[in-house]
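This document starts with one chain, in the form predicted on its own, laid out as structure tokens.
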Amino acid sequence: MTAVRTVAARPGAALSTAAALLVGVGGLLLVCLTLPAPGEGTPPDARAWLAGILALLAVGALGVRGAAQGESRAARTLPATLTLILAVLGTEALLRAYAVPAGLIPTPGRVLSALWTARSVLLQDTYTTFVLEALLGFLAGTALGLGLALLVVRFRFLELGLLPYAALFSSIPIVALAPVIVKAVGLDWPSKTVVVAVTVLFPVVVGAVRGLQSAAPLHLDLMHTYAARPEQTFRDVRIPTALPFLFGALKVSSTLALISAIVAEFFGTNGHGLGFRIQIEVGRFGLDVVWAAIVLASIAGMAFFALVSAAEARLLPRRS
């Protein structure tokens, strides 16, 4: 019996799931509205509230479990959204119950407020870090990596003489490489773009070379039998074979690009960027702005990874 039939055989399951979610989410929201924000009003008795908050989280978790039953689109997407809502509300309630100072751990509500009040500065920082540094560096590193991979596959002496060093350079930690490049190129955003390009370059070279060389000998012999030109063999056999390896490297590089841009900003900037904002606000104990910058960096990173994954899904044939 499939999971769908199991849920259908229990018509009260949907009602109990909705009731558990209503009690869990609604109860936590009510607790957040009842308790004063840290630093405002009399601190509550944390122990008295702790049992209630944990009980509401447990009830909400039962609701998430019920929402995950079945094979529908909602069953695949709702649990993650509901878990995020419960985590945010639970964190807000616990921080308010224990009156944790905002200078130590800000509440999610305070982080959202910082996101709104400092939106113009944070959006400018996101543009600098994501577009000018991570994205441009990713594109430059990918283009150079693909060109280098083609040369390595074409000329064997490059494979033997250069590829081992590509693997060696890809293992250098970004925290060791970034200060050297920032010192050499300057404090403006191009130095971070260079750091990102260098970080992306070698994984792309290694992945593309592995992919281009993984074409089956039988397919290459078949193209040779058909008297196909080298460019036809390359287009019809080598490139399709290399795409899974290449997209694997690009997905890893998309994550490395944003991390590299933020880390490189710790070693010197012209006053813009998410890494600079995190560093400067930590020194000022403005942790609400720090968390707001982290939220924006996470959203940009997930969007970047999703963009590469969407390109992979479009260009690669579906696997049975």
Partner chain sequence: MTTLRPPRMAGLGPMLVVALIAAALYWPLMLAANVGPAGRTLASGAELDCRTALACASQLRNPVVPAPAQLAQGFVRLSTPVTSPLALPYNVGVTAGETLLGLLLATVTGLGLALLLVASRSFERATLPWLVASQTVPVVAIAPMLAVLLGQYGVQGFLPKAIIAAYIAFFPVAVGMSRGLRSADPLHLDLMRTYHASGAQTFRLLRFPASLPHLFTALKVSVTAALVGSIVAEISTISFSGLGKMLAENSRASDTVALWVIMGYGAVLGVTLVALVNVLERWVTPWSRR
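Residue numbers count along the first chain shown, from 1. Quick caveat: nothing in here was measured; it's all calculated off a predicted structure.
Another form, the form predicted in complex with the partner chain, is not on view; read the next lines as being about it.
Shown alone here, A68 lies within 4.5 Å of the partner chain in the predicted bound form, counting heavy atoms only. Mapping the unseen interface onto this chain, N270 falls outside it, with no heavy atom inside 4.5 Å of the partner chain in the predicted bound form. The partner chain in the predicted bound form comes within 4.5 Å of no heavy atom belonging to F155. At the 4.5 Å threshold, heavy atoms of L30 stay clear of the partner chain in the predicted bound form, well away from it.
Exactly one listed residue, out of A46, A55, I294, I280, brings a non-hydrogen atom to within 4.5 Å of the partner chain in the predicted bound form: I294. Exactly one listed residue, out of L123, V131, L84, L218, brings a non-hydrogen atom to within 4.5 Å of the partner chain in the predicted bound form: L84. None of 225 to 233, 114 to 122, 160 to 168, 142 to 150 except one has non-hydrogen atoms within 4.5 angstroms of the partner chain in the predicted bound form; the exception is 160 to 168. Along 296 to 313, residues A297, S298, G301, M302, F305 each place a heavy atom within 4.5 Å of the partner chain in the predicted bound form.
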